[in-house]
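First comes one chain, alone, set out as structure tokens in the form predicted on its own.
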């Protein structure tokens, strides 16, 4: 698979142990590359992507592997130049959607970093023997961490002893000798700004336009629900490139075809409607858990419709979504006073790390590259720092975003109330009804979803089972029988 839409690398496993067996979920070209090597410290990388060789740059005693992308067509060479000048602090200047591994010399020192939001996750094992393994999927490192050291700037991965997840906006340098140091490259802004409303509206539009512009590649499809988040992205793509292709998914239970079609007609989009069954959406649960490596039931529920939709799109494509705007804009918390809304946004922004909602693994195993402009670093910075009174104003949620695109979208779209894709597709209500039909008490449905998600996680992430071999019905039956959920 070769496409300008897909970065040179979408997944990796770097090891001082040699190539060894690797089970990466990404399905694309795969190569094993020698990054460094002298005697014991041979460092090999299994790299998956559209052009794996193009993900590596070398100069002197440095080798850089870039998974994902950075703006201005920057590749690993750009990272290498910046790292040569600034060392680990180079990553505080890099925006984008990426993970990076820098190998020093023969591999006795490795520096790893992820973008501001950890959208391309990295997991690390550093043993007491000095071996270092880094991968974009935790499951690849299962069994390697029994002698793993604790590492600064990381958190333990549930169910995988010794495997550590690099925190969002962190750069970590690990030496085979045992010394390690972590640096923050970006932190969630704590301050708020009372910007003039008209200026805020203009700034939000401008920063989203910039984020979309650098991420547009062909072929590309924009996921469109007909809500303000996805519609604003589609309108921005249309303004930037002169055309836009959109897709909307519905099920036999519920759909958003009408509001999405309204936006598509307004933008002159080449629009596609995908119809499926809600049972097929729910059946994606083992794959979602395996690919995001997340056991959070709410995140899984949000991503189920996207995972099903991705199966309908051609490999080699870029998929752009409006996902994630609700977190910095407080869109999930309607009707709150400014002070309460501010606190809720702070809580949401302090708990996103590690949930892997934006992980490219969900699409890359199908040969897709997904991008989410609302979590571009500049967009996230601008949205987060705006005072709550600009996010909910005159009783309108996400007021600043709605005003920013009032002249680009139908009035019905601008004023349309929030409806998540998991709600619009009927996914949430269907899963709840399935559990109620199994005898789960109404007040225990969320607990049942949480337990099912964790049991699947234990099977496909910690246990190494293939998601296609997981029987969701059997897991559900076991959970209902084991837990006190029925009354």
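Note that the structure is predicted; figures quoted are calculated from it, not measured. Residue numbers count along the first chain shown, from 1.
We do not show the form predicted in complex with a small molecule, though everything after this point is about it.
When the small molecule is considered in the predicted bound form, only one residue from 322, 121, 76, 328 comes within 4.5 Å through any heavy atom, namely 322. The single contact residue among 421, 45, 55, 63, judged by any heavy atom lying within 4.5 Å of the small molecule in the predicted bound form, is 421. Under a 4.5 angstroms non-hydrogen atom cutoff, the small molecule in the predicted bound form lacks residue 165 among its neighbouring residues. In the predicted bound form, the small molecule sits within 4.5 Å of a heavy atom belonging to residue 247.
In the predicted bound form, residue 225 approaches the small molecule with a heavy atom inside 4.5 Å. The closest heavy atom approach of residue 133 to the small molecule in the predicted bound form falls outside 4.5 Å. Here the chain stands by itself, but in the predicted bound form one stretch of 83 to 91, 284 to 292, 201 to 209, 413 to 421, 413 to 421, has heavy atoms within 4.5 Å of the small molecule.
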